[in-house]
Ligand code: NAI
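Only one chain comes next, encoded as structure tokens, the form predicted alone.
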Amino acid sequence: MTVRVGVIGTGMIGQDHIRRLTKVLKGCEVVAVTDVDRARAKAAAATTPNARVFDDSETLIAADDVEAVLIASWGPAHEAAILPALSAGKPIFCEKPLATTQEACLRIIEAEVAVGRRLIQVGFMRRYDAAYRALKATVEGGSIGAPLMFHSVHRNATVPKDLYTSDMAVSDTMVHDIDVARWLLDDEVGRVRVMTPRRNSVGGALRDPIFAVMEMRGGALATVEVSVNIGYGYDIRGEISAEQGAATLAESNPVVVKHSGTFAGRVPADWRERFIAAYDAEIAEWIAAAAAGGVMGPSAWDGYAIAAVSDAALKAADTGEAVSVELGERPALYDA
């Protein structure tokens, strides 16, 4: 079966997903695209054999030949695309964030619960990375005992100075670490504190780096370092410290070269290089689930919970105090 996909948003990540759906994965076809920049949508459509360009997301979603919807538009537009797609009963892949406010996330959850089945997968791709999956399997296998702490490091070589704001260190960057902490520890965040050490002079007035401590409701701790002007490359690290051992993400380069008294390996240049296989895997699994009429993976509840932690972390960064994370009652739809 071929799943016919409509893509909403044809910026950098939307174009990359269109390439993936068209040239990398099987069992799918891009049949429709839309973007607020029509010229960009037309250029994206030209890279696929049969995609039509639509004026807006609602007409794309309503099209009879669109069986599943991939949303890669900017965050504030997500809710307006998700709600009609839910009403149409079409499986949805939504790049993070699910929405830009907790209130919008809750409206989306309410709409999905009213449908009576999960139709939304949110794009937190680290869960599909082979190294993170091996770390998760180690925790679940029980060989190192119960996890006590998770240490996460998220370093960018650089960020655009005219586009990247201090808040984005949490709302755009650390959200991935929040997600994997919840996933690896199988728990929600109870409180979060964010500290700012001496600033990196490369970033000017940017709040960089930051260091967060998340207290999980079950008692474990998760720490996160976010540095976005580290210079040397895109470096992702993670370690679970447990009762009877530890498990650490391995370096991603296939070889270590030793020469002239030194040893070295490649550091990925950016997020695309480090996680391209994870992006392929998450969309492949979404297509497989969509072919059966549903979705798997990170849910609307995950999107909401991460938004709640992110909001609390931003408040903590501003106040210097630990801030509690308040969550509503999780609907039974998301218990599985």
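Predicted model, so just to flag it, every value in this text is computed and none were measured. Quick note: we count residues from 1 along the sequence shown, nothing fancier.
In what follows, reference is made to the form predicted in complex with the ligand, a form of this protein that is not presented.
- For the ligand in the predicted bound form, the listed stretch (133-141, 95-103, 246-254, 112-120) containing residues with heavy atoms inside 4.5 Å is 95-103.
- Checked against the ligand in the predicted bound form, the candidates 75, 190, 84, 233 yield a single residue with a heavy atom inside 4.5 Å, and that residue is 75.
- Scanning 172, 215, 239, 225 against the ligand in the predicted bound form with a 4.5 Å heavy atom cut-off leaves one residue, 172.
- Although the partner is absent here, residue 37 sits close enough that one of its heavy atoms falls within 4.5 Å of the ligand in the predicted bound form.
- Interface membership of residue 13, defined by any non-hydrogen atom within 4.5 Å of the ligand in the predicted bound form, is confirmed.
- The closest heavy atom approach of residue 301 to the ligand in the predicted bound form falls outside 4.5 Å.
- A residue is said to contact a partner when one of its heavy atoms sits within 4.5 Å of a partner heavy atom; residue 125 meets this definition for the ligand in the predicted bound form.
- Along 270-284, residues 271, 279 each place a heavy atom within 4.5 Å of the ligand in the predicted bound form.
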